[in-house]
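Have a look below at one chain only, the form predicted alone, in structure tokens format.
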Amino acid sequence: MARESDMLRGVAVGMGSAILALGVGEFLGAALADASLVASVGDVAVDLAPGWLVRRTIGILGAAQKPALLTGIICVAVVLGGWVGSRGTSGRVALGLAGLLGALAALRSGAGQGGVLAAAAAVGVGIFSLGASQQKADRPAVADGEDLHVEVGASPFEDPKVRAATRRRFLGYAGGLTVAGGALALGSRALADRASASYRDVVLPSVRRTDGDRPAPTTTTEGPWRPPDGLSSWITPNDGFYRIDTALVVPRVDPTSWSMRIDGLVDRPLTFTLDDLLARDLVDAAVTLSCVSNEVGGHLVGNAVWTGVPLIELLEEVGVRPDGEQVMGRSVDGFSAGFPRSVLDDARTALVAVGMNGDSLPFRHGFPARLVIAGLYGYVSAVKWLEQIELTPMSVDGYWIPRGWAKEAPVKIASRIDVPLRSQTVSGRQAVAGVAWAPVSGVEVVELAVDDGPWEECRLERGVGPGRDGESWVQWSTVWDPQPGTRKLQVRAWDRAGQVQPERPKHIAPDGAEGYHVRHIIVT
């Protein structure tokens, strides 16, 4: 029993020491290197993970993938701490190895000496705390003014008073370690958010031009458009726009020191600050972006009004050489994505964006600047926290290409049912509605079929806003008089080039999912 109790105390002090070490590492990482050791380890895990595993976790968890990974790393570290505590002195070698892993991960992520110092300090604090905790756990507590009388050969912990006092002191000490570690972790987040004040100082110019040919609303005999409850809005709010990228912790870029360089196979490499971009003739354009990991009927897609500088204007200034076949964007966190320069020949919207829905880019969506290219999946084009645009041969691969994704990735025709909700029970006359997209050609027709019956054309609403008609999704709706029973609804879209959305189911790898979105509805 005594041995079991000692082991449990060791596990507890080990876990408390691990939490304190994590807190110290995160705080010093934020203070010395503007980095997170936990995120650095997570970056290594993501980079080493096979492509199928990354795709699978995105498909299951979506935007929750990053918090789940970070939580898992913290849990593993705390469990490791518990194991180290139960092993006594011999377990501290494992703690040292864990610190070495953190230091290497910090170096790999670009945290430099500050990240290494943070990792070393975390290990040092962890080992010291573990030793001090074990000494306290092994030494019986004696109330003030009392003498400790122990018979020869007897354990002082057998005295109920001593045992209770020792347990209280131990629990208080272990709890203090946990609280201290948590406070330091919260402090690290406050340090990481210190660039927020600079972000709020960035204001978009009030005068901006629209670039596109979106037609004015036309009169209709179908009556005024009234979107049904539950239908996605034409403009996706900033805080509701999906986020899928490789950054486990959102980079907090200081706009006063940020710059973007355009170089590579160009005649005149140039560097632009944020003030340089804001001083130019900015463009507003509504563009729908979609993640290649979006399943049929999924929500990793959104439509926003982006504000920025046309990419083609910047490329003309630097003078692209004939062998500059690919536009490769690079992020401050090391991510890269490239697309053929030839896609810019069709006059699609392509921006170095500095704004989103009338405001500066949120940090989580790429502040201070990102790429927005209509009609391409984000993994080959939508580089956030942009710091370089390099013109390269097509033989140069971006981040995701060696991990099993297609080199060229046009967004596919797709449609989704938003209303009624999945597996919803309904009765009587019903609205059926959703969204459809086909950048850059645009959606021409959306059709709905019930129980494998004939396809019926739906009403379309193209939205009112800046940009090229066809680069944004459309809302569609119809009215349905259902018969009792379990009914199947399925939707498909046609683009303006006469192509219909493929029916066959296709997995997201390597270039996006295909298939009709289907919902089964119970009608009473």
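We number the residues from 1 along the sequence you see. From a predicted model like this one, the values you see are computed outputs, not experimental measurements.
Quick note: we don't show the form predicted together with a small molecule, though the next part is all about it.
Inset, instruction - Work out which of the listed stretches, 69-77, 362-370, 98-106, 270-278, brings a heavy atom within 4.5 angstroms of the small molecule in the predicted bound form. - result: In the other structure, the partner sits against 362-370.
Inset, instruction - Would you please decide whether Ala449 lies within 4.5 angstroms of the small molecule in the predicted bound form, comparing each non-hydrogen atom pair? - result: So Ala449 does not count as contacting the small molecule.
Inset, instruction - Look up in the predicted bound form whether Ala119 has a non-hydrogen atom within 4.5 angstroms of the small molecule, and give yes or no. - result: Looking in the predicted bound form, residue contacts with the small molecule do not include Ala119, since no heavy atom lies within 4.5 Å.
Legend entry - Any non-hydrogen atom of Trp437 within 4.5 angstroms of the small molecule in the predicted bound form: Looking in the predicted bound form, residue contacts with the small molecule do not include Trp437, since no heavy atom lies within 4.5 Å.
Inset, instruction - Would you please decide whether Trp83 lies within 4.5 angstroms of the small molecule in the predicted bound form, comparing each non-hydrogen atom pair? - result: Trp83: no contact with the small molecule in the predicted bound form.
Legend entry - Residue (of Arg403, Arg348, Arg243, Arg252) lying close to the small molecule in the predicted bound form, criterion heavy atoms within 4.5 Å: Partner contact (heavy atom, 4.5 Å) among the options: Arg243.
Inset, instruction - State the residue from Gln326, Thr236, Thr307, Ser331 whose non-hydrogen atoms include one within 4.5 Å of the small molecule in the predicted bound form. - result: The option sitting close enough to the partner is Ser331.
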